[in-house]
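Just so you know, structure 1 and structure 2 below are the same protein chain in two forms, each on its own as structure tokens.
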Structure 1
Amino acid sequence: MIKIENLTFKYRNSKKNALENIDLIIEDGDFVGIIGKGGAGKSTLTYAINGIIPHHYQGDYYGSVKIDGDDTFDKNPSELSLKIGSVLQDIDSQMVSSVVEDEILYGLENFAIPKDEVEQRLSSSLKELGISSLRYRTIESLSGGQKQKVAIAAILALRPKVLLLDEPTSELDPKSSVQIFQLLRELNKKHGITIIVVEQKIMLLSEFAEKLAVMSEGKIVLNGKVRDVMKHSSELESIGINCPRVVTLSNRLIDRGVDIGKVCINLDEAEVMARGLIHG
């Protein structure tokens, strides 16, 4: 369980708080989406979870972040990485090797994975992302989307208990983005891996995530089950997040007093609602 209590953080040589009074609990097995517009503090929040803050970036730090009861202050990011696998936002600078195979090997070596297990982990994580054919390519020769998949494969090979991804689909086409989220769902459902994903595409989150944390100016302004958060479509609009059309539509119907039961958060639900209205 990840327990963030009253966390406030200001980067050194920065004037305003990047995080302000964050309270957030993420249970084991959750699938949480974090959304908010540019500069809201999403990446900073991920740094606070994987220990980059306070171990790499210093600044004014109040409150606490506990991973299964351990304060992130007491464990360095490498120790935390045994539990939490992170994919960073900047894909280029997170590569530490010049060839794909070595990039995946890097973490496996550091974790001292037994040698007879390494090959299996390497090939299966490449396969899960559908990039087995890229194994011997140089990183430099890859497209942005391919690099993004390599970055995810490198973390997946480490089999973390928690997967923390910062905008993992920013360089991907719509089809690959959906595939990544399908993979995340599978990891979550089949292997019980906790998924925390920062994502700008609200459609993906409303389809795949179970919970949503909405950030604005360093604060978490809305937090809860996706459906509950989606009820507040006008608040979301006011902080610069455009809800999916079906959400806006069903919220409007509810406001006008039409009895449709609950907010629809995806197309399937909208279809059921429309049929209900037509036949009922």
Structure 2
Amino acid sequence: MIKIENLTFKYRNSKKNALENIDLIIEDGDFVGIIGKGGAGKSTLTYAINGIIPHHYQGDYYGSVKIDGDDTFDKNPSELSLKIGSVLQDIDSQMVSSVVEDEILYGLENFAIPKDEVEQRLSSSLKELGISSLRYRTIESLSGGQKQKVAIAAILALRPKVLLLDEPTSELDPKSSVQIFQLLRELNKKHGITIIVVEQKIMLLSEFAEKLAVMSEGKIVLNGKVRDVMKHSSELESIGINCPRVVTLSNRLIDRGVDIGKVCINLDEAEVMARGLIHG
């Protein structure tokens, strides 16, 4: 479990807090989306979770972030990375090798994984991501979606409990974006890996995530199950988050007293709602 209590952080030489009074609990096996407009504090929050703050980015730090009871303030990022694997927004900056196989071997060797486990972990992580055929390819020859999968495979080989991703689809086309989220859901459901993903595409989060934390000006302003958060579409739009049209439509119908049962969060649900209204 990840437990964040009263977390406030201000970067050195900054005039205002990047995070302010953050309280958040992420249970084992959760699939949590973090959303907010630019500058809301999303990336800073991920840095606090994986220990980059306060160990690399320093400043005024108050409160606590605990991973399975261990305070990240007392653990260096290398120790934490065996529990929390991070995929950066700039995927190219994360790559340290020129060949896919070496990229995955780097982490295994760096953390002194026993030699008799290395091949099994390498091959199984590639297979899990569906990229065994890329094993001997050069990194520079890969597409954006393939690079994302390689980065996730490299982390998966270390068998972390938590996978933390910062805008993994920012450079991907819609089809590749959906593929990455389908992959994340499979890792979450099949292996019980806790998924925390910062994402601007609210349609993807509403489709795949189970919980949603909404940030604005360094604070979490909404937090809960996706459908419960989506009930507040007017508030979301007021802080610069454009909700899917089906969400806005269903909320407006509910506000006008139309009995549609629940807020629709995807097209399939909207179709069922429309048929019910037409034939009901």
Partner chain sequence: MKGFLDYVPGNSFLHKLNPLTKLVLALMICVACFISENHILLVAIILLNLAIAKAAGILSRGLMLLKGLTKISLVIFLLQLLFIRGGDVLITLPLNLLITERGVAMAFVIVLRLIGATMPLALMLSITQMNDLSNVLVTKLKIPYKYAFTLTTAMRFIPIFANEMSGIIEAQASRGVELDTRNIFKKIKFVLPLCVPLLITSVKKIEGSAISAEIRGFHLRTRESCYKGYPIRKSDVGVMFFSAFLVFSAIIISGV
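We call the rigid core whatever largest set of C-alpha positions still superposes within 1.5 Å between the two forms. Please read these numbers as outputs of a predicted model, since none were measured by experiment. Counting starts at 1 with the first residue of structure 1 and goes up one by one along its sequence.
Q. Between 1 and 2, where do we have the form predicted together with the partner chain?
A. That would be structure 1, which is the form predicted together with the partner chain.
Q) One rigid part pivots relative to another between the two structures; at which of Met215, Ile241, Val87, Thr44 is the hinge? A) Comparing the two forms, the hinge falls at Val87.
Q) If the larger rigid part is held fixed, how many degrees does the smaller one turn between the two structures? A) When the larger parts are aligned, the smaller part is off by a rotation of 13 degrees.
Q.
Could you state, for a rigid core superposition, the Cα shift of Met95 between the two structures in Å?
A. Its C-alpha position differs by 2.7 Å.
Q. So if we fit the rigid core, how much does the CA of Arg135 shift between the two structures, in Å?
A. Core-aligned C-alpha shift comes out at 4.4 Å.
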